[in-house]
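The data below hold one chain only, encoded as structure tokens and taken in the form predicted on its own.
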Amino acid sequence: MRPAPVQGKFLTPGVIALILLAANGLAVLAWRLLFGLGAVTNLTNEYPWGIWIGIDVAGGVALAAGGFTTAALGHVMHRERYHAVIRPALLTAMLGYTFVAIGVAVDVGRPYSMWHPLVMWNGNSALFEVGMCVMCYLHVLYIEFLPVVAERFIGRVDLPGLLAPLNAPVDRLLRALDRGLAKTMFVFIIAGVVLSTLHQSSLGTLMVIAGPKMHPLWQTPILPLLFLLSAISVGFPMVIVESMLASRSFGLKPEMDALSDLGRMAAPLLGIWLAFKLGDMFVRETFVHLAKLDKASLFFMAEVLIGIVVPLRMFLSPAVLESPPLLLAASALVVLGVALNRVNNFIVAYTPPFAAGSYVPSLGEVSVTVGFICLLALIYRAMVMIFPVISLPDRSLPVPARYRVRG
């Protein structure tokens, strides 16, 4: 098996549905850029952020953690057998962080001022540290993807017409990049892992600053540690979900040997996250708030039970680890739980003391978020059909009927 572009039709009924949803989101986004945040969102001075920050940015950063967790596993720890899932995880992280940056630009009142933090430093700001780390890590991800681009086009550069004289220079440039990155890639891999641990935890620091505006079930001094642990915990399950969905979409057999091991490693990581989360709750005695059965307590219990306890028990079962549908279900629960955790911290738990009402996302906000998710899926599909990202199985082996694309 080796990475190669996936062959097949790009347009399918599902892809057409994604295109329509993405187009709707882009239309609403254009309206927001033309007429401002107030024309599309339900944001106010009391609630300055909503799902564009809670889901698109905070959730997107967490769910893109598969990039640095698999990089640490495959390259830093030299687990060669997991190399088949590293490139798909890298592509998912690269696209995820790209849309995180776009999400921040969309939510900022003046997107044209996004460059200011580059020259107007504020070392006392937690958000400044997050912004700089995300920006640097995004560049690192694109650099890590360059060898895939070089592998695809080295010896195959065929520019048409007036650009034909550039074929040889471009090919030489690609070969030089490939040789140079082969010797220095370890620097970027280590930098990516370090940068990820920094900004994953600093997002928690941002909410610690909110103080009494946050519900006690989530407001804790160790919130940066909990954010980091949750990001590490969701890394492998997110890789499993992405790999399973891609395999099913293209009619490929999933890499169950590697994916089962990732699920097996996810169990202790979830256990550590759960231990710190429950331990903090008992140390601060915030469990008393669970007896109220209000919105906060219900969302907190859903986050812990659906996102940690149930998938943890599933990952401890050999039958789940050997079953593609059950392994996908367990991993999807972790992804849902971490996404819910970010929504809880940034939206559910956030209650300004003088707010006249509560925040409910507008249809425009939901449309942009759904559109971004669909657009990310479309770009991912296009990228794996152009570049050698997914390791293709031996074509001499039959593909089980349940993995084949129908229609």
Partner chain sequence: MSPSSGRSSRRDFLKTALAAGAAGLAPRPASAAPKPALSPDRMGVLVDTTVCIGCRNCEWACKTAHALPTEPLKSYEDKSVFEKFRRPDDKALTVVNRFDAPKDAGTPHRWAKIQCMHCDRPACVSACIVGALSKSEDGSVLWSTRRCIGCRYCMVACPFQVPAFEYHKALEPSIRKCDFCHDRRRSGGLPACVESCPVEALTYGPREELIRVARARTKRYPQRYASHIYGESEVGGTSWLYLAGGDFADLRLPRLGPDPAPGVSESIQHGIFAYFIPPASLYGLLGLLMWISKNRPERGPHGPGE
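Positions refer to the first chain, counted from 1. Everything numeric here is computed off the predicted structure, so don't read it as measured data.
There is another form of this protein, the form predicted together with the partner chain, and it is not shown here; the text below is about that form.
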- prompt: Any chance Y350 has a heavy atom within 4.5 Å of the partner chain in the predicted bound form?
  reply: yes
- request: Would you please decide whether L206 lies within 4.5 angstroms of the partner chain in the predicted bound form, comparing each non-hydrogen atom pair?
  value: yes
query: So, in the predicted bound form, is Y142 in contact with the partner chain at a 4.5 angstroms heavy atom limit?
result: no
query: Does the partner chain come within 4.5 Å of any heavy atom of P361 in the predicted bound form?
result: no
task: Report the stretch among 258-266, 164-172, 274-282, 94-102 that approaches the partner chain in the predicted bound form to within 4.5 Å, counting heavy atoms only.
output: 258-266
Triplet W218, G337 and I373 all within 4.5 Å of the partner chain in the predicted bound form via a heavy atom: no
message: Quick check on this chain: which one of A319, V288, M120, L298 has a heavy atom within 4.5 Å of the partner chain in the predicted bound form?
response: M120
- line: Only hit among R156, K292, R313, R110 for heavy atom within 4.5 Å of the partner chain in the predicted bound form is R110
message: Heavy atom within 4.5 Å of the partner chain in the predicted bound form: which residues of 36-58 meet that condition, in order?
response: G36, L37, G38, A39, L43, T44, N45, E46, Y47, P48, W49
